[in-house]
Each structure stands twice: as structure tokens, then as C-alpha cells.
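Quick heads-up: the C-alpha cells below are two forms of one chain, split into structure 1 and structure 2.
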Structure 1
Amino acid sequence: MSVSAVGSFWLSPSPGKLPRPRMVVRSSAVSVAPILTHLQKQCATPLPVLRHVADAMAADMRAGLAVDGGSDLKMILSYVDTFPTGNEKGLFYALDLGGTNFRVLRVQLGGKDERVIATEFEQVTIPQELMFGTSEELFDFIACGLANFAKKEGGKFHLPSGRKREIGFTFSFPVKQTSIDSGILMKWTKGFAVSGTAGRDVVACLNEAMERQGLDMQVSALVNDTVGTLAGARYWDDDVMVAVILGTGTNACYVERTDVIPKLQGQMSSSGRTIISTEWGAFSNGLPLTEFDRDMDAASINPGEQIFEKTISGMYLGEIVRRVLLKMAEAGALFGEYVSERLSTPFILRTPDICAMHQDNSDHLDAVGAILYDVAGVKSDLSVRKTVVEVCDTIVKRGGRLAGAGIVGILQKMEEDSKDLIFGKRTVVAMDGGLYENYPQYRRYLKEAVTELLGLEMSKNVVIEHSKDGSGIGAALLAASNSKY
């Protein structure tokens, strides 16, 4: 699942071997219970906190639409002004770079009647060192993967003669789009620190790498993963207005009216609408944060940035839990008088681990015990395991509920500009990403927060729907609707 990224100049431990433990130094004997109670208090998201987050999200969206740099939210223009109609036909490729994996996909589109005739995809894990290497190395790796995949084309996939293979390039980092098929990388997120890409057109970087590979393909659309998801989901359902990714990182995009975007300065699209990628990961207003969040942020490669992302997305939830457990071990001897080196290793506990512990409903919480032993190198009895599950629940509950409040903030902003067109009818929010897909409690907390904020009646109109892997097909559809031919 895609939540497994680590932010990592830190080395992974060798599985199986327990590193040498160190003694707990307890200056004053603190017990674990008050640490847990304090954590729960600080992470609480009662209705007024949710409401504040939703309102602040809506206000920050407006400020970001007014002028570039007007708010934490970049409110990026996607240059996607029309949606795929269903008439798209032919062979298209998609390339998806956004986390620890990159995916290549081809789709044969058959127009209104046949829609998606066939798809094929491959997924490749990006080697850790490439996340910290040079731009050329990363793009060469991607172009090479694409070339190998393109070579295997056959069967149901046909390219009409005289045409180049066209690509929808999903690049899931903050990019200032300059047109539908070009955009400048503003900064890396999600633990990437590749040199030489920020400030450059990422399509040019890909084109140069494809040239070095002797690969003759053409990028027809450059899209964020949220935008690909929205386009992909909208292909099947006209009521889709918002798309949210909750995976390694997080972001949301939505359909906006061009007449309420002052920074467009009158450049209207013929449809009167455009998709805006909010880059809400950078939101920070009024979040209930703890010392663990602040310490994690300070130790990160992008301190002070992506605070919402660091509170709600998959790359970070496991690490926040680890930091809490470490404090409980050091100050409250949670795991006895020794603290294992592993528990002291940043990012050793991943979100899939806390998810697996959270699902354990066996009498003795055996899975929790096994994960604590295998991953964190600590032994535990039942009461310790219960505490660990409570910590996971506290952090995941805060994350899910804040994500729900963010979604309501977006809907609220849209409703303010288009009375009854959002809450007065069926409105679909397309969701994707490994965290959302694989973490049932997170999904439940998110939906509960949406219902609390909107009330039972109104929330019936808001359909929060998983749109699995829609972003790849969506990008290919956008390549088709922006085809050069």
C-alpha cells in the first residue's frame, strides 16, 4: 500500500535481530497514564475545533484564489477546464510519480459505447537513493521504466499510424502549472529531496530523459494525482466535484467557477469552470498539535512546511505514534526498564503497522504484541498492548476527523458561491490513497466528522466514495481530451 513511504535518510533496521537495549533513565517517576490522558486532551477534536478548521480552510482557499502567495494554500490552477466526455478513443499512456512507487499504465479507450476497452499497468518501487539523488537519475529511472513497459504493448492495444504515443503525466508534488502540459516544481514533499528539479519544468525533465532513452512519446497532460482522480471519477459520475488523496501525502482538488478566482484576472475558460488543486497539505491554521508533532516537524527535511499533511497523512501517523511510545518508555517505563534502540529509530513504526495493531481484536492482542516485538524490539503484556492501541486510536482519530473537517471546508466554500448547488443536491467526493483505502478506523472517523459538521440531513447529500486507482485512468483520459492530434 502506498502509505509505506519513509522519510528517510534513516536506515532501516535489519529485521529479526534485536539491537542492544539501553536503560531507562527516569529523572522523576512519571507513570504512563497521565501521558496518555494529556495526549488525548491535546489531540481532541470536538465540534468547535472541527468547525474552526473547516472555516479556516474555506477562508484560506479564498485568500489563495485572490493572489498567488495569499495563503498557506497555493490553490494551483490545473488548466483542466473541461472533463473527459466519454467520446475519447484510442491508445493512451499514464505515468504516475507521487510516492515510493511509480506506475505506468496504458489504456485503450473505445468512445461512448465501449468506454475503457482494456488497461494494463506496472508498478515499480523507487529505490531510496533516488529520492535523494539528482534530477537526471530520477527521471532516467522513470523513462527507462516507461520504455520497458511500452515495448510490451500488444494484444488489444493499437496506435493508429502517424501518431505518437501520448502520455498523461501524474506528478504528485506542488507544481505551478504553466499550461496543461507544462509546470514548474515548487518544492518536493513526502521525504523527496532530489536536487536540480525545483524551479524546473518537470515535463521538460521527463522529455530530456525520454530523449536519452531514445523513447519517442509525447506528454499531452501534466496533472496532480488529485486532478487525475477527479477526472477519472467524473468519467463515470457527473456529480463528482471534489477529489481527495490520503496516502503517503495528502491533497484535495475541486471544481471551481472561474469568475470567483480573482488571480485569473479575467482569463475565463469557455466552460466557466476549472479544477483547482488546493495543496491543502500546507494548511496549518488552528490545528490541535502536540510536542510530538512539533519535534517530528523540527527533525523533518521540510520543517515548518506541510503541517496538515504531517498531522493527517500516512507518511507520518506511524512516526507520531512511535514518538509517543518512546516518551512513555523513557519517562514511564512502558516497556520495562529498557528502551530498545529500534524504538528510538525515526520512522521505524510505519502507518501500516499501527493499522495492523488497530485491527487486532484477539483476547490477548497477539498481533499488537508481535508487531511491537518485531518492529520496535520491545516485549509487552496485555495492559501495555491496550495502551499502545489507545495511542494509535488517538492519533488516527485526530487525523481522520481533521481530514473530514478539511473536506467540509472545501464544500462550504463551494456552497457559499453556488447556493444549494452543493448541499442541496447529490455531491460526490472521490477519495483515493492507501491510508483511506486500508485503514477502516480512519475512514470511519473522517465520515463521522463530516456528519457531525453538516448534520444528518445535509450530510446525506454528500457521498464520500472510494475511487480506486482512478488517477491513472484519469490522467490518460486527460491526455486523450488534450490530445495533440
Structure 2
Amino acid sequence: MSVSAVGSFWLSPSPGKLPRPRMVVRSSAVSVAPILTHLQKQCATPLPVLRHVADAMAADMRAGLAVDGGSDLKMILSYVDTFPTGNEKGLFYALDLGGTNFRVLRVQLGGKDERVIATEFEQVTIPQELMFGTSEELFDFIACGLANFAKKEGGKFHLPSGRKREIGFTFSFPVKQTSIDSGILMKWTKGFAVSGTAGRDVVACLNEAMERQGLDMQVSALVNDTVGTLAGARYWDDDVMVAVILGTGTNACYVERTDVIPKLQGQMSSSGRTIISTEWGAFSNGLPLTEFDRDMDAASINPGEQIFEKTISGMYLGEIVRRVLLKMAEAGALFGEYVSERLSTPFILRTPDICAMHQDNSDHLDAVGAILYDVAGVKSDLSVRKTVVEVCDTIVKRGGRLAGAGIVGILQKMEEDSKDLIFGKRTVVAMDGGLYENYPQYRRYLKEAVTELLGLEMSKNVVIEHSKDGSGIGAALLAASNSKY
């Protein structure tokens, strides 16, 4: 996920074509049962597999901290070394740009006693043509939306006199951060192809656009959404050490000691700590993969990259299930003699669909039948529906458990460098993103893996907590804790 937005998990479906059935051509009749058994075997995550993943994650983190390019994990320096304390006062803004919408937010902070006095936010959809326009057009549109939002400031919101408005900028695209308030765009992702921004400082782009709009505001902090989530959660709870986003994509960041980051080359922070964005979506070491993962990866826009993300995040779980069902339909006649055209359409089955099927407790699995018919264009009886739920469960169980192993890997790395400071006391992992929030089985599998790896006693100290939409307010809090005033 290189600094990419990973929050939203409810992807809009690609419009399904009407089913145009085609005959199943089978070289030899294979029943569905062996395909399912083989899948379950390949996706299995027993304790030794989880342990290997956690150890490899910790080792890759070390290698990525030693030197840029040292491992699959980029281990990006966030330049955040002052964390929100609760003492922050005043009016601060946040802008969150990470996909086809951007969100603007303001917050009035009242210090230790009053904390967050008031917040307001607005969401603006970015017109399609601006995603392919010039840098100036896009940032002018954003600055204009921000200016309109600022004009409505009133009520409980007031700026202390003699101050300029300050803003925290959550920019969830690949950026080479150069300081707390500057970063060079490496490339646009997620369907954006804006000309004239790559190689430029995105903060300068926004500041210039705000100036053109006559908006008296300046960026005090540039962060990615995972770093924002960590800051937002830490404001309320000092024990928060890690933040993980599991949505369309995924990433994790954590609080690191600056004296164990060789690639910092002596640049020490005042606090002796900073936040590192692991970019863990690129991790690939020792993952239990299937032919369906390999085929999906080969057909993707970034073959061989983001393998962990493709195994655990919301964008891909539904597609892996679809590929399994297609094989079962073609080789084992799961849905009868015909394979619907729709089932052959990549990404037609989305993670919200498999989540809804997974929640079905009815006697005849009616919701499963309805989704299979409406989305994939196939009819099913009860035994077929049970098989489909088994497939969903197999893929989601692997994803949740691997995500849990990744979290333990991060905690393990922190523990190795600060004996007992992690496992010996309460440590909070702040979680956000639609996949984690909306998929109860995924959440359960993730937590079970953490408990299995740490053991009952030690896992009592590790609190995995949902921190809803923490990244927006987190960016405003980082603007406050890095205020120029």
C-alpha cells in the first residue's frame, strides 16, 4: 500500500453483465469436495505458520530500518516526533485526500480539561475529469472546497487572534516524506493520473492553491492515514503504540525509538521517538498462497507486489473467493452444467458480498442464494450454498489470522528493543478500516491468532481496539502538536 488510502472497504461493484451461460467443458469429472479440501489445506495457518510470519515481519522491519531498500518493507520515516498530549488548544483543520472523495474537518481543542470541544466535517466528491487533469486544477478544486468550508466557521469555533489557521494534511498516496510538513509525490495510484505533481512537494502544491484562493491557512503536518489513526488514538490513550488499517488496502505504523533506526544516520528527534509507517502490504515472506492467489496476482496491475495486502485486505478477499468458485463451477459443476458469464467477471464478487453471505444464519441460507443469483448469476441449492460459505470462511480465516500474525511481528520487534516495555504492560493496537469494522469473523480470527501466538497471559496486556475514523482528527491533532505558534 505505499502510503495509500486504505480506509474504505465498500468498493462500488463493477456493473455485472447479464449472465450468458456457457457449457462446462470437463476433461474429467472432478467433484467439488477435493477442491475445497485442497484449498483448506493450502490456506491453513497453524501456529508454526503464524510464528514464521511474525518472525519474518520483525526481521523485515529491522532490515528496512537499517537502510532504504533493505527489505520488502519501506519503513517510511513520518517525521512525527511530537505526539498529541491533550494539552493542545485552539482551532485546527484537517484535509484527508486518499481516494475519489476528500474530507475537510475542523476541531476546537480545549486542553486537558475540555479536550475536543467541537468538530465539524464535510465530504466532497472529486469530479472524474480532475483525476486526469493537471496538478493545479486538482489542488485548486480542493483549496476551493476548503475555503467554502472555512467560510462556514462559527459557533464554538474561534481562532486566537494573531494566528493563521493551521491544517493537518492526510495524503494517502506514495510520498517520500522530507520533513513533518513536506513530502515529494512518488506517483499517483488508485486511478489518479494527474500531470505535473510527481516529483513535487504536495504541501507546496496545496499551499500555493490556498494562496490562489485567498485562503489564509498553512499546512503544519503531512501524514498518511495510518499515522493519523495512531495520533488520533494516542490523544485519548497513552498506551497506543501501533495503528493498523484494514480496509480496501492495508498498512500498519508504530512508535519507534530513534536510536534503533540506523538509516536515520544520527538525526535524533527531541523526544527520542518517532512513528514509522511500515508499508506492510508489500510483505511477502512465508505466506501460505494458492493457485488462486498466484493467478489473481499475475492478472493484477502490480504483479509480484503487495502480496500481503492481496492476501489480507478488502479489495481482494471477494476476488479470491470468486476465482475458487469459478474453478469449482468449471471443474466440478458446482452450479450445474453451465458457468455464468458473470462469475467469470473479475472483481464482480466484492468483500461486502462474501461478508453478507458469511453472516447468513437462516435455515436455507437464503441471503447466500440471493447474492449468488443477483451478483454471480447462478442458482444454488442448500448444499451448494454451504460449500460457498466454507470457501468464504477459508479465505477470510487465512486473511484475519495472517493480519494477526503481522501485528504480533510488530509487537515482537518493539519488545526485542525495549525489554518488557511492550508485553510487560498494557499496549494498545488501534484498528481502523471498513474490513475490520464490518466483518465480525475477520475480527475474531485476527484476535484469535494474536492470542495463540502470545499465549493467554501475555495477550491480556495487548488490547486491540477499534478507533473509528481516527485519521481525520489525528491529522488535526498533529497540526496542533506541530503548530508553528
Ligand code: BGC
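We call the rigid core the largest set of C-alpha positions that still match within 1.5 Å between the two forms. Counting starts at 1 and follows the sequence of structure 1. Everything quoted here is computed from the prediction, not taken from an experiment.
K.L.:
Which depiction, structure 1 or structure 2, is to be taken as the form predicted alone?
P.N.:
Comparing the pair, one sees that structure 2 is the form predicted alone and the remaining one is not.
K.L.:
Can a Cα shift of no less than 2 Å be assigned to Tyr316 between structures 1 and 2, given superposition on the rigid core?
P.N.:
It does not, since the Tyr316 C-alpha is displaced less than 2 Å between structures 1 and 2 after the core fit.
K.L.:
Inspect the rigid-core superposition and answer whether the C-alpha of Ser161 shifts by 2 angstroms or more between structures 1 and 2.
P.N.:
After core superposition, the displacement of the Ser161 C-alpha between structures 1 and 2 reaches the 2 Å mark, so yes.
K.L.:
Any chance the CA of Ala356 moves 2 angstroms or more between structures 1 and 2, core superposed?
P.N.:
Comparing the forms between structures 1 and 2, which are aligned on their rigid core, Ala356 does not shift its C-alpha by 2 Å or more.
K.L.:
Please give the CA displacement of Leu206 between structures 1 and 2, in Å, after core superposition.
P.N.:
A shift of 4.1 Å at the C-alpha.
K.L.:
Leu146: how large is its C-alpha shift between structures 1 and 2, with the rigid core as the superposition reference, in Å?
P.N.:
Superposing on the rigid core gives a C-alpha shift of 4.0 Å for Leu146.
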